[in-house]
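A single chain, nothing else alongside it, follows as structure tokens in the form predicted alone.
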């Protein structure tokens, strides 16, 4: 039963750590994509891009602004279309039909929709375009991963609590004579049941240590595969599993806190059942 409690706790905390890292990886991908996403801001006819670029740079969440004049856009368009005579094409269309454009980059993906709305409301701006569908799909993916992770972790948490409760309860029943002797000599209930609470805490500590060790082993294994074969998805996983200094502190602390919490809850339930008998 002790082995069952520790192994269940280890598996639970390992899956919790994997889901937490997957959530961090998806959020990092979302923010990285958002920082590279260009919001194309098309100005009204006759409005120069240079007149609005300084104002756009001061907006919150903006990291880069590139001005594209209508002459530059027209030259690029004619080049893409394979037209060698730019002046002839302009004369046929009675001038340059394009407008100046501002290419705006946001700090992260969460700020893109709000930033696009702010740009759209500015004077001199005709239209704002960006790939909103990709951001929405990434957000839905991240939200789906969170719900799946919460469901799996919740089910395993209930299982781990049940196993710890059963284990501590069986240990307490096996030591019932010792507990009765301690009660006869005047020991308090807190003093009698404190060792069982400590044992539940130890289950959590051992499970947290085992899960952290498994996470490190998996990461090392993926790193060795990426250096030998260099497949794209392995490289993506390895890059996502690279923890920042803050995450390197938060992940083991989260595993430790969850493990101790489950161990204490299970042992408290077991002690309560034994005391009620």
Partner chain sequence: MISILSRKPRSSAVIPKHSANSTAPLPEPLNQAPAESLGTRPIPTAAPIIALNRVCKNYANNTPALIDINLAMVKGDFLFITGPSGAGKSTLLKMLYGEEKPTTGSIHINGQNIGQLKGDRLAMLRRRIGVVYQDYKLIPLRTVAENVAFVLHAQGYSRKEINRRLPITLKMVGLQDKADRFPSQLSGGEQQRASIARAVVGTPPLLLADEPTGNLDGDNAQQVIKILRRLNDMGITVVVTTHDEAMVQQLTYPVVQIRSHRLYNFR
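Residue numbers count along the first chain shown, from 1. None of these values were measured; they are calculated from a predicted model.
Quick note: we don't show the form predicted in complex with the partner chain, though the next part is all about it.
A.B. asks: Test of understanding: in the model of the complex, would residue 127 fall inside 4.5 Å of the partner chain by heavy atoms?
C.D. replies: Result no; residue 127 lies far from the partner chain in the model of the complex.
A.B. asks: Just checking whether residue 189 would be counted as a contact of the partner chain in the model of the complex - the rule being heavy atoms within 4.5 angstroms.
C.D. replies: It does: once the partner chain is placed as it appears in the model of the complex, residue 189 has a heavy atom within 4.5 Å of it.
A.B. asks: Indicate whether residue 181 is a 4.5 Å heavy atom neighbour of the partner chain in the model of the complex.
C.D. replies: Close contact exists here: in the model of the complex, residue 181 approaches the partner chain to within 4.5 Å, heavy atoms only.
A.B. asks: Is residue 177 a contact residue for the partner chain in the model of the complex, using a 4.5 Å heavy atom cut-off?
C.D. replies: Yes, residue 177 lies within 4.5 Å of the partner chain in the model of the complex.
A.B. asks: Tell me the stretch among 98 to 106, 203 to 211, 189 to 197, 139 to 147 that has any heavy atom within 4.5 angstroms of the partner chain in the model of the complex.
C.D. replies: Selected stretch: 189 to 197.
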